[in-house]
Ligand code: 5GP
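Before any questions on binding or motion, here is one chain by itself as structure tokens, the form predicted on its own.
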Amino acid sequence: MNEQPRAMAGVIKGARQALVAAHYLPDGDAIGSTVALALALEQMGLEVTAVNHDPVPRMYSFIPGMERIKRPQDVAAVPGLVILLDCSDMERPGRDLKERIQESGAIVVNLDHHISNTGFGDLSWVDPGAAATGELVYSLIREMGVEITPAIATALYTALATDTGSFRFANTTPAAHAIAAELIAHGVDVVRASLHLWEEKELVALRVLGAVLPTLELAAGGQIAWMYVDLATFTALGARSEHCEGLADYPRSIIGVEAGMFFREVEPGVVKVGMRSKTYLDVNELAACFGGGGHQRAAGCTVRGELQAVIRRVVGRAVEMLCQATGEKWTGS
């Protein structure tokens, strides 16, 4: 066991209260890691507040304990210890929560696996080689000697399964499989988890997919593909952010495509971009060009500008970077 989890365990064991939070627009790793660590700290006798800027997506409703996650406005005071999970920087929990944390003077612990992490916090453990932040939470829980209950196991399994794309992505390691096997032995209902995560969708999610598929376009000789949805369409469908989960994977799945992207206009003049790649294009570097980040094969950013203008800028930069990575050149689509 390396020094970071040991040092974090020492700080946690000396605390009486803690706030655990992850990034806004939470995914399975954010929710699973938050719930697992909150349950573990409570088992140690701490008074724990779990918080997220946004509501928990319906697909994670099967995780025991997910209902304990509060919104920032429902938190009366920030305690002396704050543990931020799956956040590459202090902006990721949301500006309102960031400001309250900074004003409180709390000790900030940073636990993450994004290569783009800025190393913020009083204690920082960032491991880009980990399949998910949930993997680091698992190691921390083990270091603290906490029993892995079925509820904790389910939360951690969700973190691992979602961030590895059901153990299909390039970040799937032998360690991820070994941890998943142990978690299943501790009581994860894999069939139920798979049903919620992969096999059931709300009707509106399919309507969003139906709306964005006709927008599919390609560039760089068919190696860059993308889809998009504007704010008016998204609003008319009554959709939420969770209904766009995995949409960047559709253009990436096309034979011959190296990188797929999904653009969503989240408010007038603001576009959220999800990026996925297969082999050559480092989408973490691409996202960083626009103030974002993530991993080599999965990343994202938020860009200001009119939707089509943002698409042209991001796709143009992607084509340039792919040319640099492969030595090929394209003069058009």
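Just count from 1 along the sequence shown to find any residue number. Just so it is clear, the structure is predicted and the values come from calculations on it, not from any experiment.
Although not depicted, the form predicted in complex with this ligand is the subject of the following passage.
Remark: of stretches 42-50, 290-298, 60-68, 304-312, the one touching this ligand in the model of the complex is 290-298 (heavy atom within 4.5 Å).
Checking Arg252, His243, Arg100, His114 for any heavy atom within 4.5 Å of this ligand in the model of the complex turns up a single hit: His114.
In the model of the complex, this ligand lies within 4.5 Å of some heavy atom of Asp89. Although the partner is absent here, Arg264 lies well away from this ligand in the model of the complex, with no heavy atom inside 4.5 Å. Put simply, Gly28 is far from this ligand in the model of the complex: not one heavy atom of it is within 4.5 Å. Residues His23, Tyr24 of 18-48 are found to place at least one heavy atom within 4.5 Å of this ligand in the model of the complex.
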